[in-house]
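Below you will find one chain, with nothing else, as structure tokens; this is the form predicted on its own, and questions on how it binds or moves follow later.
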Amino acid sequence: MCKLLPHLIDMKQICFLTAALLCLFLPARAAEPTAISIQTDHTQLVLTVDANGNLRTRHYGARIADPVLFLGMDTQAKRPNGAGPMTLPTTGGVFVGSPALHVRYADGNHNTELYYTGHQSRSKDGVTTTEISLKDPVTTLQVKLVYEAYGREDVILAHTEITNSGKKPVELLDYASSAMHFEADRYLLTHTWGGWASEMQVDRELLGHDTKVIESRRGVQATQRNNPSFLLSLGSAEFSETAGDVVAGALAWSGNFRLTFDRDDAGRLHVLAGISPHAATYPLAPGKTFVTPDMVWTFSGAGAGQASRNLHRWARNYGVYRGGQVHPTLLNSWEGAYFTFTTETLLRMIDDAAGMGLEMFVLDDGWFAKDYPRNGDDAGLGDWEVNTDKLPEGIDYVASYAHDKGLKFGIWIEPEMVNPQSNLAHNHPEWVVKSPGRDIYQERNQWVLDLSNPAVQDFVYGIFDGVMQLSKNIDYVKWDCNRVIQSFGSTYLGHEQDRFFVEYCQGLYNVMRRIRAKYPDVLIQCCSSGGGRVDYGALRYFDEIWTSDNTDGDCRAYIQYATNLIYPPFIMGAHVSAVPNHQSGNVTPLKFRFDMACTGRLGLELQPKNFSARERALAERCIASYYQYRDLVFNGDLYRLSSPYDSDYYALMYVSPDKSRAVVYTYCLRYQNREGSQHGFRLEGLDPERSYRVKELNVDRSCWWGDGKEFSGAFLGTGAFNPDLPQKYSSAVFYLEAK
């Protein structure tokens, strides 16, 4: 026994030393229970830290009196992982659901467990930023959760910063921007789907006990099929504009995305939003940090309408480049001339635009390339010199003519793309997105340039910069992007192809930051075969979006309604075009087309010389009346009165912030019987105590019995506002002014 004693002592010493070393290298998990409140004027997100250092989400919704009460909350959970949802669920530990963060370490391990190490907040100009630090004690991976709370707008932005503080590289397999958790008896999801010329179509579904995924893997044109946004009605199977708890979310990212709605066996809903992990395992070297895009959140206790207005107000003040600035009306040359035009064609269109009272002329596709002239969509992209055979006087001559007529001037470019028939494709084949040894597939006769490559970023920036040098009178640029990415690959990235989809989008943003630094005042429209790039990531750099190539007034009712669920009306390019419509073949009255287009940034996309005298007079009248209330479109609050998806009628209104003025739009989309429409709209957002004079615009004889009279806001909210819209494509616009 005595001979064994020294060995026993040695073992005790070893155990003691081992424990001491673990204390040095593994941070203590014990923490002081803490409640972290992230709040706006009317909403609140409450997170708690338990005694073990776990960060959990306890509440997102209306403001509450004392968030500290959540520290004593008993979830009645019977399982180890049921003590409340983790704010950033990871692959590892006892969590087995959809992770917001999944990391593969150099040794092949997949487990990450994050514990709270501290937080701090700071406020400036109505925005409070809260940063919460987490750390994995085994791998030393560090994560920072960043929340920006916009007080007056009731919007919270969330993103994640992931730092590899170890000595070996790691791989990020899943890296969502934000996770949010809800508890209700039912969840109604409203989101959008679509395709070219039918973007932003509303879909609603009750979520079951399974996982619903909305994802884009298109690379660019990421929002053409699905949009990275949604509305979530809590505790209800019905969509309501005016009642109930509604959460809205939108990811500020222009590339591949994924939204996950995971309802567990206890009925709780876990929502994850972030970059799609499809072919996007991201390598993170030691000492490097990956920052996810922002997820935009808002909550309304008064239905979907208020949730939308929260987002629109935030977009106007923060989310859109120069949000709320009034944009000029315009005539775009595309459907009026396509590729076939001369200088004379454009000058006469400019004359017509000025004569009708418009404010800008935009020269669309077809003005460039010499060796491979852009006379169709099969050549010229990449060669951005003026086609002097078509425009011998040059761009400055046309732009200066427009300015002399009192109009601004805009021009079209598609800088991310290249035609195989171009000098650029011949001189720089290594700049094309392609997979070695495979066919380079074409869409619209073009290829995609590799924006993950800094040299290509320089080139694309140079396109914009060079076009701006063509004339000092260029005020507006239409930036197009007409295909998705297929069979992806980057010569520049070599063996790190998993970075491609992320680096492409970040490359686009790099270019846009440089452009905005040099050209802060140029209006830039984001077009991507229509609405293929409609998201709050792009809108940080673009003034507006081209809502859809489909300009049919009937189709636009559905597209524009759905767009405005999340995005503000003032970003929508909404044009009046010829009939039969060039996309749908549909024939609608000219007044209906104007009344629909006037709910966004008004434009025309046709050949004005084809107007009859009567049509020309109506066009001039509608354009003039638009200026009477245009500021409401850009800076008013939107109230949706009737949905085209749920009714024979579409109706909406904009109300000035001080409630002194409003404009109301009403449309009949389906035939009504001989008994008349028998339909009234409850006008919202007005002051019930004030009196408003109501006047129908653009007609000599009104369709409403109360035209020209004064009514209280309370009366107008009863449903007594019932314009007679008996026929399909009947429409009416009313201007309201308080007395």
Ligand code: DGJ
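Everything quoted here is computed from the prediction, not taken from an experiment. Numbers follow the displayed sequence, beginning with 1.
Another form exists, predicted in complex with the ligand; not displayed. Remarks below refer to it.
The contact with the ligand in the predicted bound form, taken as any heavy atom within 4.5 Å, belongs to 546 out of 570, 546, 447, 367. None of 190, 276, 529, 139 but one reaches within 4.5 angstroms of the ligand in the predicted bound form through a heavy atom, and that residue is 529. Remark: residue 292 does not count among the residues lining the ligand in the predicted bound form, judged by a heavy atom distance of 4.5 Å or less. Not displayed here, the ligand is kept clear of residue 306 by more than 4.5 Å at the level of heavy atoms in the predicted bound form. Not displayed here, the ligand is kept clear of residue 327 by more than 4.5 Å at the level of heavy atoms in the predicted bound form.
The closest heavy atom approach of residue 564 to the ligand in the predicted bound form falls outside 4.5 Å. Stretch-level contact analysis of 478-486, 341-349, 460-468, 637-645 against the ligand in the predicted bound form, using heavy atoms and a 4.5 Å limit, identifies 478-486.
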